[in-house]
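In structure tokens, one chain follows: the form predicted on its own.
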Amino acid sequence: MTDRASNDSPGPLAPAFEILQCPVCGEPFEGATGGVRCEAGHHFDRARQGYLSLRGGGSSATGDTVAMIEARERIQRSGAHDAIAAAIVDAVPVEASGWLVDLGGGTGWHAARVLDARPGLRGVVLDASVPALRRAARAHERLAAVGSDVWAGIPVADASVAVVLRVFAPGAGARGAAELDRVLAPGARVVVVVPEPAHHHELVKPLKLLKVPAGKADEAAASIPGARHATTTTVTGVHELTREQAIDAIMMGPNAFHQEREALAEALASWPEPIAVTISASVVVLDIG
């Protein structure tokens, strides 16, 4: 095989072929018309919006919807999640270099903030959501967007990743831990962000929302056998939101699959504004020996 990637591949995808691998056979890629191919002949398309699709035909994962993503973007623009984003950046060493992979990274909002602050890193966002990937493809000049069902496997070479982010994204059990262990380089850092039980607690009971169970941070700290739990930082703040922002806070996450926006608006119509809403999450840091 020639180079792992064709240098005329557009944008940040070209350097990402240093670590990306075929999800079918594990071979590295080279550039091909309309996308990429591996030595075994497996071909994957690059969308005109700039992201690469490595989704297999057997995967049913679809990721977040357009409405969920738009709600999340409005909340992020409001500043309500800035403290969490800052804690994620702080968790990545200033001298970090090499590759960052954001598992279930959505639009690349968190990864882009880390890349802004850590110029020695390049990044890849892996996500199943097409509308999220369209945004991630233009989120940062050093960030590649790749369509992937990370529950089925991480299409990244062994021991190639210096930093992994998993922010409000579900893990994949023992298989996911084994995959993470495979792709992490010696000395790598894993940053996992999970909600705390206090997260949105003002809304949960009256609106019959999904409850956050206790102990998620402890589960994250023990999620990679052999990794060293470095720190857990809990970020909690009470934010004054409008009714529409409160609905966005609900509809940006998994509650969106169980709630209707119109029904929430009707339920909140009598609530005085602003609505005090707690945003609480733990940033768990693991180090790989």
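Please read all numbers here as calculations on a predicted model, not as lab measurements. Numbers follow the displayed sequence, beginning with 1.
From this point on, the text means the form predicted together with a small molecule, which you will not see here.
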For this session: Name the stretch, out of 123 to 131, 178 to 186, 212 to 220, 89 to 97, where some heavy atom lies within 4.5 Å of the small molecule in the predicted complex.
Result: 123 to 131
Exercise. Closest heavy atom of Ser160 to the small molecule in the predicted complex, within 4.5 Å or not?
Worked result: no
For this session: Although the small molecule is absent from this view, report whether Ala112 comes within 4.5 Å of it in the predicted complex, heavy atoms only.
Result: no
Exercise. Quick one: does Gly104 come within 4.5 Å of the small molecule in the predicted complex, counting heavy atoms only?
Worked result: yes
Exercise. For Asp248, is any heavy atom within 4.5 Å of the small molecule in the predicted complex, or not?
Worked result: no
Problem set entry | Contact assignment for the small molecule in the predicted complex, among Ile75, Ala85, Ala169, Leu207, heavy atom within 4.5 Å | Ala169
Seminar exercise, completed: Students should find that, of Val194, Val150, Leu203, Val190, the residue having a non-hydrogen atom no more than 4.5 angstroms from the small molecule in the predicted complex is Val150
